[in-house]
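Okay, here we've got a single chain as structure tokens, the form predicted on its own, with questions on binding and movement later.
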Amino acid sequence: MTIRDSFGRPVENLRVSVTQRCNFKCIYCHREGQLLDYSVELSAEEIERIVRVAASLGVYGVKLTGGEPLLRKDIVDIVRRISGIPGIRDISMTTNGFFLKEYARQLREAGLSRVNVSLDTLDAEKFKMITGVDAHEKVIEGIIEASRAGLNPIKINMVLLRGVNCDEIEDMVKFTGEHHLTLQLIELEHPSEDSFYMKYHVSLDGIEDEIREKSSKIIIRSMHHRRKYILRGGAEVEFVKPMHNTEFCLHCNRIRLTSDGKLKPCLFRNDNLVDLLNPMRDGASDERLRDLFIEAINRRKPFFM
């Protein structure tokens, strides 16, 4: 059974923010659209229970995000708990890669399938400017260790920033191709479209046209109908274009869970959240949590229509 929202879109993936804490200070961070609050975090047991309820409604994929998920001391336990839930077939994680060298093998053994690693530049000084941390080499080492551990495919998330890293696309394609990684070129997300957005935002359309010309094969993925370009030589490039993209919203199949226990139907909205944490800690049954899940799904509405 797959549950659908009122627009007919199936909800098959749950994106779980396990913490808002982060050891990086990336200039473009949107914190998964969550209001900054370090005071409350779901426990491993609570995350497991919510994912179990989601699985009973047809959700089969879970992505662990943050903040930085690997700041959770119990992150391996969280992955192990989720991997044991009937119906969950895919567990992935988005990480800044700082602790990935240390955790990669433990995570793979616990049931993690794959990782997305944020790497916006191959230049150490630019990396420090974007993230606020001098850790470029450490992240590269983490990516290599993740590949050795079998966390594949590994996707490299590169947020394009005007005047900062747009001149590195060719080098990044070469780097990811040599290491058998998938490059995701990501459009800057910023719902308010303020001065920061206007300064750094760059359209991916022209860049995608150039990559298309160099490709030998195009695969249209089911999620968001995103296109993967297989370049001559084997490099793989995907584009993530959420801004003003009706196709992106039309094919969205995910719902978010904030680190403080609220279901978030849309990345760009904070006025339609459904609280699970307080009812759960007040003794709500699984049936009640299912009803709240369904309520959140019914609140889903394409942001760009």
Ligand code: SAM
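Residue indices: 1-based, along the sequence shown. Given the structure is predicted, the values throughout are model-derived calculations rather than measurements.
Quick note: we don't show the form predicted in complex with the named molecule, though the next part is all about it.
Shown alone here, residue 28 lies within 4.5 Å of the named molecule in the predicted complex, counting heavy atoms only. Heavy atoms of residue 236 never reach within 4.5 Å of the named molecule in the predicted complex, leaving it off the interface. The named molecule in the predicted complex comes within 4.5 Å of no heavy atom belonging to residue 143.
Looking at residue 113, you'd find every heavy atom of it more than 4.5 angstroms from the named molecule in the predicted complex. In short, of 102 to 110, 168 to 176, 155 to 163, 75 to 83 it is 155 to 163 that has heavy atoms within 4.5 Å of the named molecule in the predicted complex. The listed set 149, 188, 122, 129 contains one residue whose heavy atoms approach the named molecule in the predicted complex to within 4.5 Å, identified as 188. Of the residues in 85 to 100, those that come within 4.5 Å of the named molecule in the predicted complex through at least one heavy atom are, in sequence order, 94, 95, 96.
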